[in-house]
Ligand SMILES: C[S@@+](CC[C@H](N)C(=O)[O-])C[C@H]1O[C@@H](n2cnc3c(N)ncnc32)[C@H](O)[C@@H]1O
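A single chain comes next, written as structure tokens; it is the form predicted alone.
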Amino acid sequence: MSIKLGSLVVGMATYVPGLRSLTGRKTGGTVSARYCYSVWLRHLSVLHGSALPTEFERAAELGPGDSLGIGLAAMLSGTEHYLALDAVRYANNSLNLQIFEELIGLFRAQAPIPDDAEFPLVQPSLPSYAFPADVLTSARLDAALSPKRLELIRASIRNPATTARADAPICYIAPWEPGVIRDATVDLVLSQSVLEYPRDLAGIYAEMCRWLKPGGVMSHEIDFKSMGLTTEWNGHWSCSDAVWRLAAGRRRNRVNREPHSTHIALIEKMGCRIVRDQRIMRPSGITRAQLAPRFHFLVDDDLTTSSALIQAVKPA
């Protein structure tokens, strides 16, 4: 059996009333300002390398997790409005303020992007981790880090709006539902290791494309691994639905098991043009003969794509 015994035990235990807490209450990552700084500047650097826009009036992030740090880093790069949408309200104002102050120090120092030595599991990788001074020029940083602007952001962190129609600097909606953002009002939609979880991927992509202005961009880092539930990194594609339901249980974060090709097809179906598909490839841990019946459609590239940064633009 591909499922790890421990994963199966924990997954089954989550069905017992009161034991769901075994799966934890935090998402990881965004409790660190350096992590948030690294993730944001990686996306920004690749956007620049893809000849896509790097300045945004309004940015939306799916699944910010334990803090709004990635979006706050975007604001310290000049973004005027940040919309944070999550399934569960993990972040709190106190941690957001702490991370914001630490991020200010990193941007003022023009610190190098924390690299693979510090965050070996974070993607996308970059050819250079030097501070992107060609994107974040001195003039742009001076404007973004002006004392008056920083105080305005601090005030919004202390009291974020809860509806996207409020037009506040920061809006935090958790849980969010379709329709919360007006059509064609967002310049950037961003996510980091989030889109491997939603069940209704077609609905999510339809929403994101609807939010984007003509010429707006999306940048998504997506993980296709089993998140440690199986002995092979891609063993989840060999599991029957019944076995996977037992192992995944009622965990707060359950991967949807959709492969790379599904995301590409949905983005193109929504009319967006893919500009960057930066994949991490690794040998498959399973053979095609081991695939569960529902995954017989997987192409060979799906079996070897463990993660991908996908950037796309909505036609003008």
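The numbering used is simple: start at 1 and walk along the sequence shown. These numbers were taken from a predicted model, which means no experiment stands behind them.
From this point on, the text means the form predicted together with the ligand, which you will not see here.
> Contact with the ligand in the model of the complex for Ala184, defined as at least one heavy atom pair within 4.5 Å: yes or no?
Looking in the model of the complex, residue contacts with the ligand do not include Ala184, since no heavy atom lies within 4.5 Å.
> Is the gap between Ala133 and the ligand in the model of the complex 4.5 Å or less for some heavy atom pair?
Ala133 lies outside the contact set for the ligand.
> Do Ala164 and the ligand share at least one heavy atom pair within 4.5 Å in the model of the complex?
The answer is no: Ala164 has no heavy atom within 4.5 Å of the ligand.
> Find out whether any non-hydrogen atom of Tyr35 is located within 4.5 angstroms of the ligand in the model of the complex, and reply yes or no.
The answer is yes: Tyr35 has a heavy atom within 4.5 Å of the ligand.
> Report the stretch among 54-62, 259-267, 286-294, 272-280 that approaches the ligand in the model of the complex to within 4.5 Å, counting heavy atoms only.
Of the options given, it is 54-62.
> Of these, Ala73, Cys171, Cys239, Val194, which has a heavy atom no more than 4.5 Å from the ligand in the model of the complex?
Spelling it out, the residue with a heavy atom inside the cut-off is Val194.
> Taking 4.5 Å between heavy atoms as the contact cutoff, choose which of Leu229, Leu103, Leu85, Ile222 touches the ligand in the model of the complex.
For this set of options, the contacting one is Leu85.
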